[in-house]
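Quick heads-up: it's one chain on its own, the form predicted alone, in structure tokens.
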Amino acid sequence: MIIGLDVGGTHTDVVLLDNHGLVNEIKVYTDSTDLFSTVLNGLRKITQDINPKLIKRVVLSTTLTTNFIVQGTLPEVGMIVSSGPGIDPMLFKTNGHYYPVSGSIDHRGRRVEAIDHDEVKSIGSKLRADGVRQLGIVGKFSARNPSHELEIRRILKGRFDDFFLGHRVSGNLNFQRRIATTYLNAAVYPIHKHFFQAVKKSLDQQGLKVPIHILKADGGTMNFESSIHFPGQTILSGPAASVMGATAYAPAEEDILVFDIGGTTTDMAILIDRAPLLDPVGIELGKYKTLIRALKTRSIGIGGDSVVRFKAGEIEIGPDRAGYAMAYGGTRPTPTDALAVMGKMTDCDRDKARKGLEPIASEMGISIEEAAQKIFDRTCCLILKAADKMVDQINSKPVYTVHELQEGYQVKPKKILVLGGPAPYFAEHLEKISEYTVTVIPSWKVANAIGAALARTTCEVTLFADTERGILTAPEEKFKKNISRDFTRDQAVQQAYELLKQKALQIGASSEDLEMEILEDQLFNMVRGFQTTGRNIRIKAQVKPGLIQRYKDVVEKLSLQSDS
């Protein structure tokens, strides 16, 4: 059995799956001030009367790290940045405790300027005096040679609780994004570690001594222990759960829009031939441009519980949420209240919903029923408008799926898959007012939790060879090896696959789920005096995002359960 748990802004969805399909599903309200109690409540309910020994895997998807970043409530951390000549690192300042230092390495990994030990020690003393306990360290070309980052850590060892090094966050070369990524990993670490310890404790108390995985932004998972060192990868795992929950039900050889309509937001994405789109560079969250690999998704502040207003002759939906809909005891009118007045939702207090919409109807000079219809229509129109904008933005740049670059491809979706609690109500109207064919996916209420539960473990490896210098390195994996001048591209690919397999198994993958592929394959000759003196070889390999093999029949069975 597998437990999938997705923490949303309004509800936390929890599912229990076995080889025969969906055993149980529940929803609990999300307490954004106490996510641990929310998760614990969901786990207790889903495991009631279940033998703990039957549960083999738990997968969590959480908005915890994202919320702290968006709200600007991150704890203070220190940042030490070494760039060398040619660029001012202060252009990429992340926070108050941000210090450039001397020392530089060039693009091939050769040391140009040494680190000043006294300078580093002085900065360390200032940070300690200010109460900083987490430290990020970034060198401009650390993905080629991490020695300066390692040297700074050695100088300051024992003065700080935790260190986060730039060369460990990604094998890609992008100084600005590496700084932001390292900073976010350091800043969310105490938050994520507290969450990790709390969840482990609650599972131990319930006798659930099983592997715990957490969903990443790229739609794959990693084991909870590994996530402690890379907590930034959990950012935007919520939208990724929605995409993975819809992937299995998408038709082949078509472009499909996916809408996860929740209480707080609508998350949207696009699938091409069942493959999610990938943000090729990394997440952009607020002012932070990162190297965190992620599915291409968009979240808008429109959901079932978004506050409805009538201002300047127009109906406004969201982007804020002020608790539950009035039909469920809330204090502000929402699209959910409109659905209640329209008779679409029956498990609620329709009179309270009518009372909530009455002032808006009065301002508009129409009946409450007409106001409800217009509010719901406006909500659906705004969602479609946001989707059209997302499609236009995607088509303005090269299109990448999780499998490959689609050179010159133009996304032209004609179908929408909808999931989330109110999915059936929205699907009907979205199809009515658009040219899309709209389908509600099976188990739509908890499809995001199912997607999290069935996602396979993913990772990537970047390998760099410089045959002139005789060096083969993957600093992100703590790998370095001497090579001969006749080292080949095929040997580099083989080594990349070996490192990838080792890494995947270490962070929780099963050998049956190691569907590996090459993402980048570059070779450049180095010429001096009209002679080739060596080659630069760069290989990037990944384990493809997808669903775990041993539960491959579950999706089909879930469809049959839904149809029955």
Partner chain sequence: MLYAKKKTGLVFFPAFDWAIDPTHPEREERLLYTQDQVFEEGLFDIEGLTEFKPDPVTINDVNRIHFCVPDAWKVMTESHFISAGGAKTIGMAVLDKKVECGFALVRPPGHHAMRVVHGARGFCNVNIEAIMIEFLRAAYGIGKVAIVDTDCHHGDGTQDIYWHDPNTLFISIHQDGRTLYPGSGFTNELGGPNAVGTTLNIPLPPNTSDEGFLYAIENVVLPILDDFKPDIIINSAGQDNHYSDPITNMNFSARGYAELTSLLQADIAVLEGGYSIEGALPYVNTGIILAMAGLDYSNIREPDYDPDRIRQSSVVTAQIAEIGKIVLENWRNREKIEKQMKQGLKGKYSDRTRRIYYDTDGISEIQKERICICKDCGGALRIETSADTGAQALAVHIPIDACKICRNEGQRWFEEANSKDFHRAYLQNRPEDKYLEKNLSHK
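Numbering follows the first chain given and starts at 1. Because the structure is a prediction, the values reported are computed rather than measured. Between two forms, the rigid core is the largest collection of C-alphas that superpose within 1.5 Å.
Heads up, the form predicted in complex with the partner chain isn't pictured, but that's what we're talking about next.
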Original post:
Non-hydrogen atoms within 4.5 angstroms of the partner chain in the model of the complex: do P211, Q495 and K540 all have one?
Top reply: no
Subject >> Listed residue (L405, A114, I228, A322) with a non-hydrogen atom within 4.5 angstroms of the partner chain in the model of the complex >> reply: L405
**OP:** Identify, from the list G131, G86, G72, G158, the residue with a heavy atom within 4.5 Å of the partner chain in the model of the complex.
**Re:** G86
Original post:
Quick one: does Y29 come within 4.5 Å of the partner chain in the model of the complex, counting heavy atoms only?
Top reply: no
Subject >> Proximity of M390 to the partner chain in the model of the complex, heavy atoms at 4.5 Å >> reply: no
**OP:** Examine G139 and determine whether its closest non-hydrogen atom to the partner chain in the model of the complex is within 4.5 angstroms.
**Re:** yes
Original post:
Does T38 reach the partner chain in the model of the complex if we count a contact as any heavy atom within 4.5 Å?
Top reply: no
Original post:
Thinking of the partner chain in the model of the complex, which stretch from 30-38, 526-534, 505-513, 52-60 has heavy atoms inside 4.5 Å of it?
Top reply: 526-534
**OP:** Heavy atoms within 4.5 Å of the partner chain in the model of the complex is the criterion; list the residues of 163-199 that meet it.
**Re:** L173, N174, F175, Q176, R177, R178
Original post:
Once you line up the core, how about Q494: does its CA shift reach 2 Å between the shown form and the other one?
Top reply: no
**OP:** Kindly check if the Cα atom of D392 is displaced 2 angstroms or more between the shown form and the other one relative to the superposed rigid core.
**Re:** yes
